[in-house]
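Only one chain is included here, represented as structure tokens and corresponding to the form predicted on its own.
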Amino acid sequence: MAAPLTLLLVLAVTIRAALFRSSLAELIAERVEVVSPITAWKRVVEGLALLDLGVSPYSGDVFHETPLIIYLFHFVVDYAEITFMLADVITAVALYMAVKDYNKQVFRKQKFALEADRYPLDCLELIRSPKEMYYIPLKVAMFYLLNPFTILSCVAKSTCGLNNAVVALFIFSTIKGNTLLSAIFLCLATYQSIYPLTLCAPAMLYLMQRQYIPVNFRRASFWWFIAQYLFMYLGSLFVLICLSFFLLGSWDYMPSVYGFILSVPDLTPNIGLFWYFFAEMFEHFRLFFLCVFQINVFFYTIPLSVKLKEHPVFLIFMQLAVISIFKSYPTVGDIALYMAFLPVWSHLYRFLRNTFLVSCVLLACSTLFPVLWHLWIYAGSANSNFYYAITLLFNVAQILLVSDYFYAFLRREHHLTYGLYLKRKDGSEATLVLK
């Protein structure tokens, strides 16, 4: 498997290098679908210029990335293209290794369940074979590296690629069962954009499974593990925040980074749900609806964690999708990360209901984004309503995609417990309704 992965990495790097050298690079870097006021490379460059002049990069309303990012590029700004390509390679390899290890665990659990006769006889066709699972890690790496959204994000030098690399390393260290590295990488991801905080629940659930700790509020081992993980996570976060303070000598970055993400003052159009709504919002209603919109990202964590407590890896996939849909400044790079996991759930295809519809809508919206932007900004023959309509449709398609996979996953688990062909008490065929 090493040779195909190497060829894939070479191909991905070649495509990115060719686009970096083309005239398209500058055009892509300006696209509002690809970069946001937080992740745009031109804002990083302006922040670096202020830093070189001895001025705080957070003194104006230009730079909104974290201090570690600006100090990282302070040293590697001349190698920015290599840095972003390397971030994509790290993400792909981390996802490849994580999924490979996860598939081994799934196959092992499946084998034990078969030996114990836990599956009904009529659902053996739902059992996954080693041949079917063998190429899934490579497909995951391919789905990430060759996804047009990932390529565009890398060529635009969006710092979203660095965030994805950190999240991928968090997933890899979690699936490997390394509690300390999991907490550290989750802390780095949270430090970058707040929203990965919701990944804390699936990480703890997975690590407890690895260590055979039951999810039971009455067990001391349950609370002891949570205390340990939170101590490592919060301790790492405290170190990062203090390090940022010592680098800058002030707390200016707190409102400029985290306040900016939560209060959404910049209403530059993007593929998210915030910008148009708050552009039309009366000022005295703004705080209330801001809280409602922001709570959306965090609200689903508890019910999803309760429902999927036995399947924390699928919960990670769901949480990544929720973050990419409901965060305040999303880009196509965020979508590429959770879409890379779709091959992992290839065994759910038979239960999906809206695959064709969702695929067509996502492709159509991706094509119409630049068209309607041109009609609005340059031609003047459209307005913001047209662009926001496509944005809404794009997000509805994502919600349909995620909810469809959620339905398919729950249905397959139900069949593995009760059988594939359900019967009523009178012997007639039953219809499964999930509520």
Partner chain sequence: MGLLSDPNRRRALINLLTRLNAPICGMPVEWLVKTMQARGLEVYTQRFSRTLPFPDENKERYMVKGTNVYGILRAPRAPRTEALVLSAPCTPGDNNNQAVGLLLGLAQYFRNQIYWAKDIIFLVNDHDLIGMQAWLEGYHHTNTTGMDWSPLQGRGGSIQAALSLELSSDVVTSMDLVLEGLNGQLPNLDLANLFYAFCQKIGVLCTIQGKLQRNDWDSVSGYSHAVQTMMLMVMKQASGRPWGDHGLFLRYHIEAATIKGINSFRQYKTDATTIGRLLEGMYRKLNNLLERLHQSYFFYLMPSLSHFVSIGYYMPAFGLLAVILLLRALDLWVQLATPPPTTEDGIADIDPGVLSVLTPLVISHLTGAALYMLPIRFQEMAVEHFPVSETEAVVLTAIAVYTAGLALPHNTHRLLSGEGTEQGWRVLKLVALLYLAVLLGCTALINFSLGFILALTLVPGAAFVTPHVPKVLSAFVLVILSPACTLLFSVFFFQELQEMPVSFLDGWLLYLSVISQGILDHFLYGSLVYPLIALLVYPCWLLFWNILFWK
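Numbering follows the first chain given and starts at 1. What you see is a predicted model, and the numbers here were worked out from it, not measured in a lab.
Here the subject shifts to the form predicted together with its partner chain, a form of this protein not shown in this document.
K.L.:
Is residue 178 close enough to touch its partner chain in the model of the complex, meaning at least one heavy atom pair within 4.5 Å?
P.N.:
No, no contact at 4.5 Å.
K.L.:
Contact with its partner chain in the model of the complex for residue 364, defined as at least one heavy atom pair within 4.5 Å: yes or no?
P.N.:
Heavy-atom contact with its partner chain at 4.5 Å: present for residue 364.
K.L.:
Report yes if any heavy atom of residue 355 sits within 4.5 Å of a heavy atom of its partner chain in the model of the complex; otherwise report no.
P.N.:
Residue 355 belongs to the contact set for its partner chain.
K.L.:
Does residue 392 make contact with its partner chain in the model of the complex, using a 4.5 Å heavy atom cut-off?
P.N.:
Outside the cut-off, so no.
K.L.:
If you check 400, 29, 410, 375 against its partner chain in the model of the complex, which one has a heavy atom within 4.5 Å?
P.N.:
Contact with its partner chain in the model of the complex is made by 375 alone.
K.L.:
Of the options 50, 371, 62, 68, which one has a non-hydrogen atom that comes within 4.5 Å of its partner chain in the model of the complex?
P.N.:
It is 371 that has a heavy atom within 4.5 Å of the partner.
K.L.:
Have a look at 402-410, 33-41, 375-383, 52-60 and name the one stretch with heavy atoms inside 4.5 Å of its partner chain in the model of the complex.
P.N.:
In short, 375-383.
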